[in-house]
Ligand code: PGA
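First, one chain by itself: the form predicted alone, in structure tokens.
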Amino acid sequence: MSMKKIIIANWKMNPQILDEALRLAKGLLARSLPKNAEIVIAPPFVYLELLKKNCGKEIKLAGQNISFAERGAFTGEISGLMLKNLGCDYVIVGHSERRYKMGETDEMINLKIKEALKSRLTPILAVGEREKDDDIIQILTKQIRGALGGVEASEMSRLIIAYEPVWAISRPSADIASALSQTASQCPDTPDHALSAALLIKKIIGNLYGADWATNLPVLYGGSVSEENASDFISQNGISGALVGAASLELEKFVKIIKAAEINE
């Protein structure tokens, strides 16, 4: 029996109005979605309570970020317990935008992973090289070792890793219409490369925790996933799903990406 494919919509700082967030969520619920897909939405924090009330059990929720602290004087932060109480089962940690735009370090990401696990959230750890000619082995090893320092093997069953090659992610402008018009032809990554990166990630985890944990580790692809290329990436046996950015903000495109999981069952 095959494991479910995990399809995560990372809405980032979109949409700008609550009604649009609700429209997207209800639009998904109105479709006949694959039974072999775990569908997760990571909306802005301000929409979590609304989606919790409207998504039922069919769609899971994720936080886009988590504080490294449990509670206290940390203006603008959100704790793991808050996310859990808002209905989240998952949280994205170490996204490239947090690393390179917000200055998050491996040490901070490690604390966030531990806080997520402590709060009974499943962390989705994003890793990936910034430039195409970067040393992928060195970078992924450093990021994974840094993020998981002090994390016990018993926690590995609750970890997801998303391979997010920054060089393969389309660079949208501030105009959301321009961001949504990005197509698969602008994504320079290939399914073969994504699979080799996923296998590398599993090898690193195997070296740290043992082969059994590596075999069962879900690795998602988080480059520029579109309705045109989703099936090519998801069909790889070593890739367990996708972390989707801009395309998840257009209902029809995102539904096609989700249905790619059904095609590849």
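Residue numbers run from 1 along the displayed sequence. This structure is a prediction, so every number in the text was calculated from the model and none was measured.
Another form, the form predicted together with the ligand, is not on view; read the next lines as being about it.
- None of 36-44, 61-69, 218-226, 23-31 except one has non-hydrogen atoms within 4.5 angstroms of the ligand in the predicted complex; the exception is 218-226.
- Put simply, Asp106 is far from the ligand in the predicted complex: not one heavy atom of it is within 4.5 Å.
- Interface membership of Leu140, defined by any non-hydrogen atom within 4.5 Å of the ligand in the predicted complex, is ruled out.
- For Glu97, a non-hydrogen atom is located within 4.5 Å of the ligand in the predicted complex, even though that partner is not displayed.
- Though the partner is left out of this view, Ile160 does not reach within 4.5 Å of the ligand in the predicted complex, counting heavy atoms only.
- No residues of 195-210 lie near the ligand in the predicted complex, the criterion being any heavy atom within 4.5 Å.
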